[in-house]
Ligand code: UTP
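Before any questions on binding or motion, here is one chain by itself as structure tokens, the form predicted alone.
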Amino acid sequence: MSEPTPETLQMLSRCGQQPLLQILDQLPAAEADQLLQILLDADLEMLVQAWRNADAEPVTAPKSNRAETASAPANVVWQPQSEQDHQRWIQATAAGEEELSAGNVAVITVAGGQGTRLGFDQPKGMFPIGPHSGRTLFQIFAEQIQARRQRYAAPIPWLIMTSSATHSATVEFFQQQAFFGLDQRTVHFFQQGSLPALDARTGQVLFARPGVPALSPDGHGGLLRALKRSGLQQQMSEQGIRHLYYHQVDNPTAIVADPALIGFHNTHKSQLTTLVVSKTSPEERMGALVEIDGRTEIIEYSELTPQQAARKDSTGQWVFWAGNTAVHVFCPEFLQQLTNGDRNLPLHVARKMVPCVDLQGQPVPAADSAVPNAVKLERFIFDALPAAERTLIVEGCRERQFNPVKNATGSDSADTCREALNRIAGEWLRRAGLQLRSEAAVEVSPLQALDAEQLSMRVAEGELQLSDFLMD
């Protein structure tokens, strides 16, 4: 191998990684250099510091007092109730449509996960979710983007963030599907980074096989570095993109490039706008947007005791009502600021069981099967919230906009998501004046209509009829 620099040797020493030198000596030069590059790119020193910080905190430590100092968000655009509210939303929608028509909007879809929890061993975006057509999550989003491009005569670049586990299969799937009719030059795949797992007791890098560290995706907060590293950050800047609409791949009822959300974001000059929905109960497993010391932050449900989760303010409202939908609009310049210099989103530690081997490639048994042997580190995109000077929270319609598919059964499952898609289609058709049996199975493609208004117009003009939506 090429000799590590003195600086690298000092870094490994500071990190307590002296055993790595023995591993490096045993590897062929190319593999040793590759290993070192992985560790340097991951900023091993920062990872070890995160492990040390986490290790210094007792597992039984009390919950943070963030929950006690948090208050319900103040700067909220609520769902319209009065005529004045409706006019405000109409104006925001018009402002967003201007931005879309001007070519100022790009879409980011986070698609690094696999459908393991759904019993699906492929990228989650390939999961068939159409209640009757079997259209995949990717296809539903592609059709939304295609329909918006047609409506606004604008390119709307689509940026899809994959992971090492999903990248090749995702690209191949799009190629097989001829990019769902989209111009492939406007669809950009980029891969989030990976971080090595560390031994929970010693902080040593763990290895999946000799010379190859046990890696895992760096979280959706890895978006920032991945955009910059891929060159897409610069490319979007050169194309004049002013708003980045961000969503995750598991919610097919998200309104992609939502004009109202973009309009509110633009008129409020927000750096980071977040769509929230009211939690169904204090116990619901959703992070909640709050204010802490004048900054917008998210408190995860795991940070709250049952008593804290149910806390109400002086008006009787739950403090932690604003459930995070993982739908955001970012100002590109703000994201760029977060990647300049040594600014980074914080690392979060998760204690997990990670299979690993020793120097000879032999599996290392866990000292205690009930105690995780490793820490995995990742970043969360919502940690950008407190770094923003100007944020905005917009309340969405939960029934229309938030029906994720996360679980194999029960709430937020494929069944509940398909029911929602069927329900929304039925509501639109009845609003268009079509007579529909209550048990009728229907589905609306975004290419038929992006919203209820467009569907009503197309039905009134005779372009569509009930038979176009009924499923056998």
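Residue numbers here begin at 1 and follow the sequence given. Because the structure is predicted, anything quoted here is derived from the model rather than measured. Rigid core: the largest C-alpha set superposing within 1.5 Å between the two forms.
There is another form of this protein, the form predicted together with uridine 5'-triphosphate, and it is not shown here; the text below is about that form.
Of these, K228, R295, R351, R117, which has a heavy atom no more than 4.5 Å from uridine 5'-triphosphate in the predicted complex? Exactly one listed residue reaches within 4.5 Å, namely R117.
Among A111, L261, V105, V327, which has at least one heavy atom within 4.5 Å of uridine 5'-triphosphate in the predicted complex? It is A111 that has a heavy atom within 4.5 Å of the partner.
Residue stretch of 235 to 243, 145 to 153, 211 to 219, 96 to 104 approaching uridine 5'-triphosphate in the predicted complex, non-hydrogen atom distance within 4.5 Å: Among the candidates, contact is made by 211 to 219.
Check whether D383 has any heavy atom within 4.5 Å of a heavy atom of uridine 5'-triphosphate in the predicted complex, and answer yes or no. Taking the distances in the predicted complex, the answer for D383 is no, it never comes within 4.5 Å of uridine 5'-triphosphate.
In the predicted complex, does Q401 come within 4.5 Å of uridine 5'-triphosphate, counting heavy atoms only? Q401: no, not in contact with uridine 5'-triphosphate in the predicted complex.
Give a yes/no on whether Q248 approaches uridine 5'-triphosphate to within 4.5 Å in the predicted complex, heavy atoms considered. Although uridine 5'-triphosphate is absent here, Q248 would touch it in the predicted complex, with heavy atoms inside 4.5 Å.
Is E291 near uridine 5'-triphosphate? Define near as a heavy atom within 4.5 Å, in the predicted complex. No, E291 is distant from the partner.
Need the contact residues for 371 to 393: heavy atom within 4.5 Å of uridine 5'-triphosphate in the predicted complex, sequence order, or none if there are none. If the 4.5 Å heavy-atom criterion is applied to uridine 5'-triphosphate in the predicted complex, 371 to 393 yields only E378.
So with the core overlaid, does the Cα of K376 end up 2 Å or more away between the shown form and the other one? Yes, K376 moves 2 Å or more.
Establish whether a shift of 2 Å or more occurs at the C-alpha of R295 between the shown form and the other one, with the two forms superposed on the rigid core. Where the cores coincide, R295 shows only a C-alpha shift between the shown form and the other one that is less than 2 Å.
Superposed on the rigid core, does the Cα of R390 end up 2 angstroms or more away between the shown form and the other one? No, because once the rigid core is superposed, the C-alpha of R390 moves less than 2 Å between the shown form and the other one.
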